[in-house]
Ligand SMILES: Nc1ncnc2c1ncn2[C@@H]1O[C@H](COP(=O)(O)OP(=O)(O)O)[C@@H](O)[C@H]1O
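Below you will find one chain, with nothing else, as structure tokens; this is the form predicted alone, and questions on how it binds or moves follow later.
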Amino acid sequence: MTNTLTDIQESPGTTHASGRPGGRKPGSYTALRRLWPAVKPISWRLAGSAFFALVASVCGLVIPLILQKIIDGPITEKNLSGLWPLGITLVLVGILEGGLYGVRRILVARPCMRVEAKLRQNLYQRLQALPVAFHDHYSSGQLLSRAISDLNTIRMFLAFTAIFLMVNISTFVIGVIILLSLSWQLGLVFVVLAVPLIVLCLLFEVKYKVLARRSQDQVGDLATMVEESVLGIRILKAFGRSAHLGQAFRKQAMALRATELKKVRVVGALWAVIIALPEIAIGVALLLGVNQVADGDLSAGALVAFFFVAMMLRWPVDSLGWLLASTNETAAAADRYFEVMDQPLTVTSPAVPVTLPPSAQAGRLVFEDVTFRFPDTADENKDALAGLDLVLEPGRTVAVVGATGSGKTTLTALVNRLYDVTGGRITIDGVDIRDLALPDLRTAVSVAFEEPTLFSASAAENVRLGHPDATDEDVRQALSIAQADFVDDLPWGLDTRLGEQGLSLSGGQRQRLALARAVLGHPRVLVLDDPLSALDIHTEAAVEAALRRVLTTTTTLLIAHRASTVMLAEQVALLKDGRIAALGTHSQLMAESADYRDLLSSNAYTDQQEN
């Protein structure tokens, strides 16, 4: 038993896909107490359910006492007519016991589901509010397991485990009192053997927590691998790596299996003792009881009642191991839930937001001494952006070019506060973007990323994502600008569901839909991160021609990875080592900047190879 319970230490240095260090303290009952605000509205139902369950259990304990009356009364006295009242009472008590258990379940089933739904809603809202930096470190599988399996564990705890943990302990105490009242000598046997049971349960509780948390984290890791395998199925098949990933999946699955088997061994060892101790108590009590009946110190009815009560206490005792295991799993689940809920909201709207000035002749975007450093960047590494200054006048397009890793994509994530600057500031029409309400900022700034993300919704819903009130005419105009008229050839046109990640479309089609989504609503500032990289030369030319009409009325920050994209801008900024190293027109930089010429020559060569 000792070996089973102590062989459960977490491997040092282990890191889960969640980003949680393996040595982190597992779930504690503090997390369970923190559930109280969500549980409080249904607390009276939980209390009522526990009350009815306790009364039902007491009814079960009363039945042996009625049997005692029958044996010591009508049967001993051979007065069979006296059996009827006691027999009817016995039946009524049995019916009452069953009915009370039914009422108990009805009381808590729906309210506990409401609590689960509320917790899941709170978790989802928190995930939406948390900054991108948080999502960079938590895998989607880990978050998915928290939102589904962990909250389901919490609901089951509220509806059953918590109630019966209290009810069964109370039933055991009441049962022991009844046993002592029937025969204090025999009852004392059960009391003495309860002491090692309590010590064992306390030891079990400490050890099982580690396994419960480890198991739940491994489930999240496994969910992440399944999700990535499904989303990346084309790549896996194309490179013939399905078997390799299958081996990795098997390794993780076997690790989870090993943890679950350890849990089984721990619970099995606990149950073995839990079952053995009452058996020993019953055996000892039987020998003593028979002697007492033979000596005339105990009636036959009292002995029968004693053993009936003792047998009925088997369920409260036998269930103790499972209830404690479920409680520890719930504590770990609650800890994982609050691990997300406690994450700080570092990108938020100000308490008193500022309103942007009227939109006429607006959209001046200014970067003032902007510095940015990712939260997990090692101290010896450079900042991603270091003292960057750049001004975009209203209605002007500035292309930002630079070598890989120069900070171009980071720059795009700062304008609508996916990340916050760590130094300096960014202003739109003279207003620091941190002084704007996030909804207002993200209405004023529209973004199209290099890697387009589409959702399992219709084409129209994907385009309307940032502007759900946009008319069909607005959607059609945006699709026309992005040269995305291919939607009319889809089975149900704009109402065609695109499927997960929009993978039923080509890369160029996904990119054009994302571009249409960005230009819809005529934002003050348009941020385009190489939006044409997946297009062929003819489609790119058509999109560029349509975009030129839009760019004349919108301030545009254009991240360019190809020479052809640079031509859309009136001004070009060369980004190097986190700063603007050169600024001017394309012609000026070609004449004055050797770095720019080298970069564009390389990109021009790339364009030639691609086209």
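Quick note: we count residues from 1 along the sequence shown, nothing fancier. Since the structure is predicted, the reported quantities are computational estimates derived from the model, not experimental observations.
From this point on, the text means the form predicted in complex with this ligand, which you will not see here.
A.B. asks: Do residue 166 and this ligand come within 4.5 Å of each other in the predicted complex, heavy atoms counted?
C.D. replies: Result no; residue 166 lies far from this ligand in the predicted complex.
A.B. asks: Taking any heavy atom pair closer than or equal to 4.5 Å as contact, tell me whether residue 409 reaches this ligand in the predicted complex.
C.D. replies: The answer is yes: residue 409 has a heavy atom within 4.5 Å of this ligand.
A.B. asks: Does this ligand get within 4.5 angstroms of any non-hydrogen atom of residue 403 in the predicted complex?
C.D. replies: Yes, residue 403 sits close enough to this ligand in the predicted complex that at least one of its heavy atoms falls within 4.5 Å.
A.B. asks: Considering non-hydrogen atoms and a 4.5 Å limit, does this ligand approach residue 374 in the predicted complex?
C.D. replies: Flag for residue 374 set to yes.
A.B. asks: By the heavy atom within 4.5 Å rule, which residue out of 337, 190, 367, 419 makes contact with this ligand in the predicted complex?
C.D. replies: Filtering the options by heavy-atom distance leaves 419.
A.B. asks: Report the residue, out of 257, 382, 118, 250, that has at least one non-hydrogen atom within 4.5 angstroms of this ligand in the predicted complex.
C.D. replies: It is 382 that has a heavy atom within 4.5 Å of the partner.
A.B. asks: Look at the stretches 150-158, 306-314, 409-417, 453-461 and give the one with heavy atoms within 4.5 Å of this ligand in the predicted complex.
C.D. replies: This holds for exactly one stretch, 409-417.
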